[in-house]
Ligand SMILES: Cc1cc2nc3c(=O)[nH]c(=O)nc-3n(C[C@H](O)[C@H](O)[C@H](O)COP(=O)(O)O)c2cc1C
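Okay, so here's just one chain, in C-alpha coordinates, the form predicted alone.
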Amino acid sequence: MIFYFSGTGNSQWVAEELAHKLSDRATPIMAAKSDYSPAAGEKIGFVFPIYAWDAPACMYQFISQLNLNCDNYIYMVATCHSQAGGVDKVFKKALAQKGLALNAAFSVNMPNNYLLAPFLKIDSEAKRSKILRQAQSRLNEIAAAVEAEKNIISIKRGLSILSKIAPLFRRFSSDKSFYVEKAKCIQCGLCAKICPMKNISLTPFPEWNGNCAMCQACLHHCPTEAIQCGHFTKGKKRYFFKKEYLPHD
(Lines give C-alpha, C1' and ligand atoms only; values in the text may rest on other atoms or scores of the structure.)
Protein backbone atom coordinates (compact mmCIF):
# COMPACT_ATOMS: atom_id res chain seq x y z
CA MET A 1 0.00 0.00 0.00
CA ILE A 2 1.15 3.53 -0.81
CA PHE A 3 -0.36 6.31 1.29
CA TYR A 4 -0.03 9.78 -0.22
CA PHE A 5 -0.91 13.43 0.23
CA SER A 6 -1.01 15.76 -2.74
CA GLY A 7 -2.23 19.28 -3.47
CA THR A 8 -1.38 20.12 -7.05
CA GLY A 9 -0.91 16.54 -8.20
CA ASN A 10 2.87 16.05 -8.21
CA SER A 11 2.86 13.60 -5.33
CA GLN A 12 -0.30 11.90 -6.56
CA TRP A 13 1.37 11.16 -9.89
CA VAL A 14 4.50 9.84 -8.14
CA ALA A 15 2.41 7.61 -5.86
CA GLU A 16 0.30 6.26 -8.71
CA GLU A 17 3.32 5.67 -10.94
CA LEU A 18 5.10 3.75 -8.19
CA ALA A 19 1.95 1.76 -7.51
CA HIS A 20 1.80 0.83 -11.19
CA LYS A 21 5.46 -0.16 -11.33
CA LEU A 22 5.22 -2.17 -8.11
CA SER A 23 1.79 -3.70 -8.80
CA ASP A 24 0.58 -1.94 -5.67
CA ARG A 25 -2.22 0.39 -4.65
CA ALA A 26 -2.09 4.14 -3.94
CA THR A 27 -4.62 5.86 -1.72
CA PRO A 28 -4.81 9.46 -0.44
CA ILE A 29 -4.43 9.74 3.32
CA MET A 30 -7.75 11.60 3.58
CA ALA A 31 -9.54 8.50 2.25
CA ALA A 32 -7.42 5.91 4.06
CA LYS A 33 -8.58 4.01 7.12
CA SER A 34 -6.52 4.40 10.28
CA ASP A 35 -6.58 0.62 10.80
CA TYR A 36 -4.60 -1.19 8.15
CA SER A 37 -3.33 -4.75 8.24
CA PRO A 38 -0.72 -5.35 5.54
CA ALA A 39 -0.19 -8.77 4.06
CA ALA A 40 3.01 -10.64 4.79
CA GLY A 41 5.76 -9.19 2.63
CA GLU A 42 3.65 -6.20 1.57
CA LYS A 43 5.62 -2.98 1.22
CA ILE A 44 4.31 0.21 2.83
CA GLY A 45 5.05 3.54 1.17
CA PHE A 46 4.39 7.16 2.09
CA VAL A 47 4.51 9.83 -0.62
CA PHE A 48 4.18 13.54 0.10
CA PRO A 49 5.39 16.99 -0.98
CA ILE A 50 7.99 19.01 0.87
CA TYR A 51 6.70 22.11 2.67
CA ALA A 52 9.49 24.24 4.15
CA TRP A 53 11.91 21.29 3.99
CA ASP A 54 9.64 18.89 5.84
CA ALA A 55 6.54 16.77 5.31
CA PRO A 56 3.11 18.44 5.58
CA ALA A 57 1.66 18.49 9.09
CA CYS A 58 -1.32 16.42 7.90
CA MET A 59 1.01 13.56 6.97
CA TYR A 60 2.40 13.44 10.49
CA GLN A 61 -1.13 13.63 11.88
CA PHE A 62 -2.09 10.67 9.70
CA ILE A 63 0.86 8.63 10.98
CA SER A 64 0.02 9.48 14.59
CA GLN A 65 -3.46 8.02 14.08
CA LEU A 66 -2.37 5.06 11.96
CA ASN A 67 -2.76 1.65 13.57
CA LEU A 68 -0.11 -0.30 11.71
CA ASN A 69 1.55 -3.04 13.70
CA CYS A 70 4.03 -4.77 11.43
CA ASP A 71 7.67 -5.27 10.56
CA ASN A 72 7.08 -4.83 6.83
CA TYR A 73 9.44 -2.90 4.57
CA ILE A 74 8.56 0.82 4.86
CA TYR A 75 9.75 3.61 2.60
CA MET A 76 9.00 7.29 1.99
CA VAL A 77 9.20 9.43 -1.14
CA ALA A 78 9.31 13.22 -0.88
CA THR A 79 8.56 15.38 -3.89
CA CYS A 80 10.26 18.76 -4.00
CA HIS A 81 11.46 21.35 -6.45
CA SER A 82 15.08 21.09 -5.37
CA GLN A 83 15.84 20.16 -1.74
CA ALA A 84 14.18 17.96 0.88
CA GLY A 85 16.28 18.93 3.88
CA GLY A 86 16.43 16.36 6.67
CA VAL A 87 12.84 15.19 6.23
CA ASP A 88 13.84 11.53 6.45
CA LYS A 89 15.20 12.05 9.96
CA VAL A 90 12.00 13.68 11.19
CA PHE A 91 9.86 11.11 9.40
CA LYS A 92 11.88 8.27 10.91
CA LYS A 93 11.20 9.63 14.41
CA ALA A 94 7.48 9.94 13.68
CA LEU A 95 7.35 6.30 12.59
CA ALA A 96 9.44 5.20 15.58
CA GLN A 97 6.84 6.68 17.91
CA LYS A 98 4.41 4.18 16.40
CA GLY A 99 6.87 1.31 16.74
CA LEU A 100 7.69 1.34 13.02
CA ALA A 101 11.05 1.46 11.23
CA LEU A 102 11.88 3.45 8.11
CA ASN A 103 13.86 1.27 5.71
CA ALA A 104 14.34 3.68 2.82
CA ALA A 105 13.86 7.32 1.89
CA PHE A 106 13.91 8.99 -1.51
CA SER A 107 13.33 12.41 -3.00
CA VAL A 108 12.09 13.28 -6.48
CA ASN A 109 12.42 16.69 -8.06
CA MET A 110 9.14 17.93 -9.56
CA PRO A 111 7.93 21.20 -11.16
CA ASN A 112 7.60 24.17 -8.84
CA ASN A 113 4.18 25.05 -7.44
CA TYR A 114 5.12 27.40 -4.60
CA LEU A 115 4.22 30.99 -5.41
CA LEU A 116 4.04 32.62 -1.98
CA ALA A 117 7.39 34.39 -2.20
CA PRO A 118 8.23 37.36 -4.45
CA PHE A 119 11.01 35.60 -6.38
CA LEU A 120 9.21 32.31 -7.08
CA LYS A 121 7.16 31.41 -10.14
CA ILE A 122 6.22 28.24 -12.01
CA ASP A 123 8.77 26.67 -14.32
CA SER A 124 8.94 27.37 -18.02
CA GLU A 125 7.56 24.70 -20.33
CA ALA A 126 11.07 23.63 -21.30
CA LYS A 127 12.25 23.37 -17.70
CA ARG A 128 9.08 21.56 -16.66
CA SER A 129 9.57 19.00 -19.42
CA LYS A 130 13.19 18.44 -18.38
CA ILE A 131 12.24 17.98 -14.73
CA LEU A 132 9.50 15.49 -15.56
CA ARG A 133 11.77 13.51 -17.86
CA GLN A 134 14.28 13.19 -15.02
CA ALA A 135 11.45 12.28 -12.62
CA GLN A 136 10.35 9.42 -14.88
CA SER A 137 13.87 8.00 -14.79
CA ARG A 138 14.10 8.59 -11.05
CA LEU A 139 10.91 6.63 -10.40
CA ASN A 140 12.35 3.66 -12.23
CA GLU A 141 15.32 3.77 -9.86
CA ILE A 142 13.10 4.07 -6.80
CA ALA A 143 10.79 1.26 -7.89
CA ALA A 144 13.78 -1.04 -8.43
CA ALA A 145 15.19 -0.19 -4.99
CA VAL A 146 11.83 -0.76 -3.28
CA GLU A 147 11.24 -4.01 -5.14
CA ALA A 148 14.64 -5.23 -3.92
CA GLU A 149 13.83 -3.93 -0.40
CA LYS A 150 17.05 -1.97 -0.23
CA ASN A 151 17.89 -0.12 2.95
CA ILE A 152 18.89 3.22 1.49
CA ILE A 153 18.64 6.96 2.08
CA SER A 154 18.62 8.76 -1.26
CA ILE A 155 17.59 12.33 -0.45
CA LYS A 156 18.77 15.58 -1.97
CA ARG A 157 19.09 17.44 1.31
CA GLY A 158 20.51 20.89 0.64
CA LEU A 159 21.50 22.79 3.76
CA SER A 160 20.41 20.77 6.79
CA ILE A 161 19.74 23.95 8.79
CA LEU A 162 16.82 24.70 6.46
CA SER A 163 14.80 21.92 8.10
CA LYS A 164 14.51 24.10 11.18
CA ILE A 165 12.25 26.44 9.18
CA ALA A 166 9.37 23.93 9.12
CA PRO A 167 8.10 24.60 12.69
CA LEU A 168 8.03 28.33 11.97
CA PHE A 169 6.28 27.70 8.65
CA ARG A 170 3.56 25.70 10.40
CA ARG A 171 3.21 28.21 13.21
CA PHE A 172 2.79 31.29 11.07
CA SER A 173 1.14 29.85 7.95
CA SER A 174 -2.56 30.55 7.88
CA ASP A 175 -5.41 30.34 5.43
CA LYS A 176 -6.29 33.89 6.52
CA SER A 177 -3.91 35.02 3.78
CA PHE A 178 -6.13 33.43 1.11
CA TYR A 179 -8.75 35.61 -0.54
CA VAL A 180 -10.82 35.72 -3.71
CA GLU A 181 -11.10 38.49 -6.25
CA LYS A 182 -14.87 38.52 -6.51
CA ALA A 183 -14.88 40.23 -9.89
CA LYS A 184 -13.00 37.24 -11.33
CA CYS A 185 -14.75 34.45 -9.41
CA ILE A 186 -17.32 32.49 -11.46
CA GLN A 187 -18.54 30.58 -8.39
CA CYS A 188 -17.78 27.22 -10.02
CA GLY A 189 -17.03 25.55 -6.68
CA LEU A 190 -13.90 23.81 -7.99
CA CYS A 191 -11.78 25.17 -5.13
CA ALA A 192 -14.04 23.52 -2.53
CA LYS A 193 -14.14 20.29 -4.49
CA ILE A 194 -10.38 20.08 -5.03
CA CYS A 195 -9.34 20.99 -1.47
CA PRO A 196 -7.91 17.81 0.13
CA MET A 197 -8.67 19.16 3.61
CA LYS A 198 -12.31 20.03 2.81
CA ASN A 199 -11.47 23.43 4.22
CA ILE A 200 -13.39 25.65 1.79
CA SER A 201 -17.07 26.57 1.95
CA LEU A 202 -19.01 28.59 -0.63
CA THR A 203 -21.21 31.48 0.57
CA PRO A 204 -21.40 31.81 -2.47
CA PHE A 205 -17.77 32.95 -2.72
CA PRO A 206 -14.99 30.78 -1.27
CA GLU A 207 -14.27 31.04 2.44
CA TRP A 208 -11.43 29.24 4.22
CA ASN A 209 -12.22 27.63 7.56
CA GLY A 210 -8.94 27.29 9.44
CA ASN A 211 -7.91 23.73 8.55
CA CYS A 212 -5.51 24.52 5.71
CA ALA A 213 -2.51 22.40 4.69
CA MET A 214 -1.09 25.30 2.61
CA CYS A 215 -1.00 22.99 -0.42
CA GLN A 216 -2.31 25.80 -2.69
CA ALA A 217 -4.52 23.40 -4.64
CA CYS A 218 -7.35 25.94 -4.63
CA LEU A 219 -5.08 28.68 -5.95
CA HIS A 220 -3.58 26.63 -8.76
CA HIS A 221 -6.81 24.97 -9.92
CA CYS A 222 -8.92 28.15 -10.01
CA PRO A 223 -9.87 28.49 -13.71
CA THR A 224 -9.96 32.29 -13.60
CA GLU A 225 -7.01 32.80 -11.20
CA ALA A 226 -9.40 34.58 -8.85
CA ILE A 227 -7.86 33.02 -5.72
CA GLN A 228 -4.83 34.77 -4.28
CA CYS A 229 -2.67 34.24 -1.22
CA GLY A 230 -0.82 37.10 0.38
CA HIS A 231 0.92 39.74 -1.67
CA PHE A 232 2.89 37.75 -4.22
CA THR A 233 0.54 35.53 -6.23
CA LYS A 234 -1.29 38.09 -8.35
CA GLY A 235 -0.24 38.00 -11.99
CA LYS A 236 1.69 34.72 -11.66
CA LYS A 237 0.87 31.73 -13.84
CA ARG A 238 -0.50 28.65 -12.09
CA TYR A 239 0.49 25.00 -12.22
CA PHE A 240 -1.03 21.64 -11.44
CA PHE A 241 0.14 18.31 -12.74
CA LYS A 242 -1.27 17.06 -16.05
CA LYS A 243 -0.25 13.83 -17.76
CA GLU A 244 -0.06 15.76 -21.02
CA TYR A 245 2.99 17.53 -19.57
CA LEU A 246 4.93 14.26 -19.51
CA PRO A 247 7.58 14.11 -22.25
CA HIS A 248 7.24 11.30 -24.77
CA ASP A 249 10.12 10.12 -26.91
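Counting begins at 1, following the sequence as shown. Computed from a predicted structure; not experimentally measured.
The form predicted together with the named molecule exists for this protein as well; it is not shown, and the discussion that follows is about that form.
Chemist: Looking at 198-206, 63-71, 182-190, 45-53, which one sits within 4.5 Å of the named molecule in the model of the complex if you count heavy atoms only?
Modeler: Selected stretch: 45-53.
Chemist: So which of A104, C80, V87, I142 reaches within 4.5 angstroms of the named molecule in the model of the complex, heavy atom to heavy atom?
Modeler: By the 4.5 Å criterion, the partner-contacting residue is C80.
Chemist: Could you tell me if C222 has a non-hydrogen atom within 4.5 Å of the named molecule in the model of the complex?
Modeler: Contact with the named molecule, no.
Chemist: Would you check, heavy atoms only and a 4.5 Å threshold, whether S177 touches the named molecule in the model of the complex?
Modeler: Result no; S177 lies far from the named molecule in the model of the complex.
Chemist: Looking in the model of the complex, any heavy atom of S154 within 4.5 Å of the named molecule?
Modeler: Contact with the named molecule, no.
Chemist: Please determine whether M110 contacts the named molecule in the model of the complex, using a 4.5 Å cut-off between heavy atoms.
Modeler: Flag for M110 set to yes.
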